[in-house]
Structures are given as structure tokens and as C-alpha cells.
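Consider the single chain below, provided in C-alpha cells and representing the form predicted on its own.
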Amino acid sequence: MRVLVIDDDPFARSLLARQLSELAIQEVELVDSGEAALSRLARGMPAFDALIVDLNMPGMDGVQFLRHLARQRFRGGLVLVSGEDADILRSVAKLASARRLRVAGTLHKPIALESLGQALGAVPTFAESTVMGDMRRTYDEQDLRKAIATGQLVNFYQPQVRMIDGAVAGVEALVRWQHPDDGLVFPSDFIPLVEQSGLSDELAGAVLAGALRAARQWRGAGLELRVSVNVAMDNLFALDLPEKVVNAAAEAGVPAECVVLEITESQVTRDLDRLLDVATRLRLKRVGLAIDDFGTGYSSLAQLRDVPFDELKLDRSFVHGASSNPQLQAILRATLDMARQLGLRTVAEGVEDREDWDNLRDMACDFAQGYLIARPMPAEAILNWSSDWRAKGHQRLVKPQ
């Protein structure tokens, strides 16, 4: 892994260099300003897998630097560092994510070695990443249509486990593009194109078909899992969607009640009558409906009132670190209490450490998903992972009854 440290304080740079060495990261460069970092990045190869960025710098501060970084379309991981309070760090992390930058972690000074290691552990290596910096390609509609038609889109699956006993309950299908030249391309680099090109139905169909094939194979091996598939709000305006989902499940030999469609509302609902028509018929056919990333976009209490969702997914931004943040703790508790009273199953995303797990368990969240449990993996890896998890993985998390 190659890391670029950006900090105007010589002592801080020296300390970070020493800590990175202790973490066995030898390819490290140090610069003292955002301007120097941009100049270094502009020179191109060798590219960096991660940047450690101090937000409190004279001249170009960290927020300004991130603005320039987004224009360069940097695709490596970011570790944001500051002596300011956690609210500021969290706000900057949200800003970076909104600009399609990949935030691996936020750290408060002085930086603990363990925290630094955890943040860098979330950064994909250069070979595993999409395509970074100046090497990053852009794709057009024709590329994407060809990818869908020729089966270049592949699903990875992230497990979901029941918090009360650690039992494996389901998986979320996460699409990747296995590009013949560029390797594994992540959704952030092609989902906007899907939406712009009107290919949401084609993408959803491909992801669902792949997920159902995998579910059939797992069931054949004795592992019955719910399979969650992300669909755009626009997909719910297709009146024949319920038939398509049920027929696809029947052809794969998988019960319709094992399918959960996760809906992220990225725009204001333009046709509530049509939405309710499709959503209600899906539920009548026993297909699950989850409201994804609740509270982060246009989702609201009105959707929970009107649309027959049976699952609420808590976004990582409300989950990770909530145990030590009173504001997040209040939001998380209120959301879980509301979901419980509405009879909704709750799934927390972004469960990354034991503190996240314990906090959610104490609040009686139903299911957990995140790096603490498992990273997304190919379908063929699920059976072995599940066996290992049942044998020993869950024991460290579940309290004896």
C-alpha cells in the first residue's frame, strides 16, 4: 500500500511516518500542504492507495483540498484527521462522500495506532480498487449495455446476521463490474451512468437473476438465506414488476418470501398511486420491501406511513461510532424505537467494531451487516464463510443467554 501524508506540522508528519512503519507500510510520502499534495498527485504514477489528510492547515485547508481532489476524481481511500471536535470531522466526511470520494476513516488527534490501522484496513489496495487518479476511465451507455448483455456485471454478497444469537439470516447483493480491461469497477463509477441512461430496469434484472441463482445453490447446500437486492425508486413504477420478481424466483426455485427489494429514494416520489399499486402487490406476493439508508435522502415518515415496507435499513452514518456520540445515539435509539412500534424488521449497516455491535444489541436491533461480520464476497465463498461463522465467528459477539 502506498500512502501520502498531508500535514503542515513537522512533528505530526514524523509521528505518522513512524506509526505507518509500525503498521508495516513502507511506501510513504510526506508533504506539508494541500498545494504540494495536488502537485504530487498530478505527476501520476506511482499512484497512492490512501491519503491521510489533516483538515487544519494554513493556506489551502483540508476542505478546500478535498474539493480539488474530487475534481481530479481520486479513487483511493481517505483518512481524515483533525484536532477539531467529532461533529466537524463527521461533517467533512459526509461532504467528501457526497463528492464521491472514499472515506476510510476519521481520526481525532492525537492519533492512536490501532485506530490508524483500522482506518487503513478499510482501504482497498491499488490492484483491488477501481482505477485511481489519472488512470481512471470513464464509461458510456454503450459500454454499460454491453456489460449487462455479456454478463460482465457480477454480484458480491455481504452477510446479515441476527443479533440475538448471531445466526446467519441473509445477504445483500452488491453489484460490481468485472471489466475485461480495467478489472473490478465499483458501483460509484457506473451507477450514475445507469440512472442517466435509463438502464435501471436492466441492471436490477441482472442483479436479481444472479442473486436468485446464488440463492438456489446455497439452498441446495442447506443454507436458506434472504437475498436483498437494491432497486431504484423508478423500478417501482413498472406495473409488471411484481410478476417479474415472482416469476424469476419461481424459475430459480426460490420462494418469493426470500427476496427483499431495497429501495433508496433518491428523488421525490412523483406518482404515489402507481408506487402504492406496485409496492402493495409485491407485499401481497410475499416479496419483502426494505427502505434503505433511511433518513439520508428523501425518505421520510410519510413513506413509512404510506408504503408497506416491512424492513428498515439503518445507514452506516448513523451506526458506526454511535456508542460514543450522543447525537448519533439519540437518532439511532429513536429510529429503532419507531421501527419496533411500526412492526418493521431493522437491519443496521456499517457495523465495524465491537462497540457498534454492543450498542445495537443493547437497543434491540434485529440484524447487523458490516465489516465486523464480513466484507462483501463472491457467491462461492458464502458457504465456507457461513460454516466458519457458525463454528466460531459468532461466539465472540453473542452473550450467553
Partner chain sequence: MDASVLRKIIGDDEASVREFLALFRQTAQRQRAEMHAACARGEGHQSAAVAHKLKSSARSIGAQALAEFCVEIESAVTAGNLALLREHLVAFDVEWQREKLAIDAYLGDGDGG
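Numbering follows the first chain given and starts at 1. Everything quoted here is computed from the prediction, not taken from an experiment. For the two forms, the rigid core is made up of the largest set of C-alpha atoms that agree within 1.5 Å on superposition.
If you look for the form predicted together with the partner chain, you will not find it shown, but the lines that follow are about it.
Colleague: Determine whether any heavy atom of Met377 comes within 4.5 Å of a heavy atom of the partner chain in the predicted bound form, and answer yes or no.
Modeller: Result no; Met377 lies far from the partner chain in the predicted bound form.
Colleague: Pro180: heavy atom within 4.5 Å of the partner chain in the predicted bound form?
Modeller: Taking the distances in the predicted bound form, the answer for Pro180 is no, it never comes within 4.5 Å of the partner chain.
Colleague: Taking the shortest heavy atom distance, is Lys285 within 4.5 Å of the partner chain in the predicted bound form?
Modeller: Contact check for Lys285: no, nothing within 4.5 Å of the partner chain in the predicted bound form.
Colleague: Can any non-hydrogen atom of Gln19 be found within 4.5 angstroms of the partner chain in the predicted bound form?
Modeller: Close contact exists here: in the predicted bound form, Gln19 approaches the partner chain to within 4.5 Å, heavy atoms only.
Colleague: In the predicted bound form, which of 83-91, 161-169, 255-263, 225-233 comes within 4.5 Å of the partner chain (heavy atoms)?
Modeller: Of the options given, it is 83-91.
Colleague: Name the residue from Ala112, Ala221, Ala302, Ala149 that puts a heavy atom within 4.5 Å of the partner chain in the predicted bound form.
Modeller: Exactly one residue meets the criterion: Ala112.
Colleague: When the partner chain is placed as it is in the predicted bound form, are Pro10, Leu15 and Asn56 each within 4.5 Å of it, taking any non-hydrogen atom of the residue?
Modeller: Verified in the predicted bound form; spot residues all in contact, yes.
Colleague: Cα of Leu23 displaced 2 Å or more between the shown form and the other one, core superposed?
Modeller: Yes, the C-alpha position differs by at least 2 Å between the shown form and the other one.
Colleague: Is Ile382 among the residues whose Cα moves by 2 Å or more between the shown form and the other one after superposition of the rigid core?
Modeller: No, the C-alpha moves less than 2 Å.
Colleague: Compare the position of the CA of Gly253 between the shown form and the other one after a rigid core fit and state whether the shift reaches 2 Å.
Modeller: No, the C-alpha moves less than 2 Å.
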